[in-house]
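Listed next as structure tokens is one chain, alone, in the form predicted alone.
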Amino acid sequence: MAKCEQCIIKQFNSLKSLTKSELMRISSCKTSKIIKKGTVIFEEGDVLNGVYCVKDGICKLSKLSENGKDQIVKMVVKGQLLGQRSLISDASSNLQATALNDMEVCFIPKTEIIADLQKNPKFSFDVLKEMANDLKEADDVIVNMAQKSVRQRLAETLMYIHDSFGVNPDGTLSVLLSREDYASIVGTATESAIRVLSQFKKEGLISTIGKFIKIEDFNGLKRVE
């Protein structure tokens, strides 16, 4: 099991602000887990007793609406922390986390890291900075839902996945999402997402290889209205 003080992943989140001795202590109490694709990591209403450091893989954070529809709020990727709000608040989770592919995570108990939050101001500041960024992203989602069309939101989602997660050797997006997932991200019905993706394909903006999507005209997606 990799040691936290030697793990390169810590450079991508607030754990980079911990001292070597703090990281060594955390390393001795963390647990590493392999999470299979489709597994629910935690559900809405769960009380999180720590944070997950994502070493590999991607998960979605989603919220179930009153009509039973899933709304994807965010995707958490390699290098990010999952559940860090539990360090600040004792409130139960308002989101569900589900693995989109096979993941490797390290779970750090809240009891071990809370003292560092109180004693290490740089670590505290970085945690708050990441949470502030989450709030900004949430604000952007709200504005996009209100002001942009489904076509624009779906085009931006495809470009975001391309820029954030890269492509496979054949040029297809490396993250395989279901059409239901795309609908959940942009806040529309699955049928609408399927229809818009079909339009993009007819317009030469994208192509498909099996279930995978390949962007053919990046600039064209930017111009979608």
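Throughout, we count residues from 1 along the sequence that is shown. Owing to the predicted nature of the structure, the values given are computational and were not obtained by experimental measurement.
The same protein also has a form predicted in complex with a further copy of the same chain, omitted here; what follows describes it.
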Given 57-65, 190-198, 163-171, 29-37, the stretch touching a further copy of the same chain in the predicted complex at heavy atoms within 4.5 Å is 57-65
Item checked: Contact at D70, L135 and M145 by a further copy of the same chain in the predicted complex, all three, heavy atom at most 4.5 Å -> yes
**Request:** Examine L95 and determine whether its closest non-hydrogen atom to a further copy of the same chain in the predicted complex is within 4.5 angstroms.
**Result:** yes
Residue-level contact is defined here as any heavy atom of the residue lying within 4.5 Å of a further copy of the same chain in the predicted complex; does R85 satisfy this criterion? yes
Exercise: S124 in contact with a further copy of the same chain in the predicted complex, heavy atom 4.5 Å: yes
At the 4.5 Å heavy atom threshold, is T111 in contact with a further copy of the same chain in the predicted complex?
no
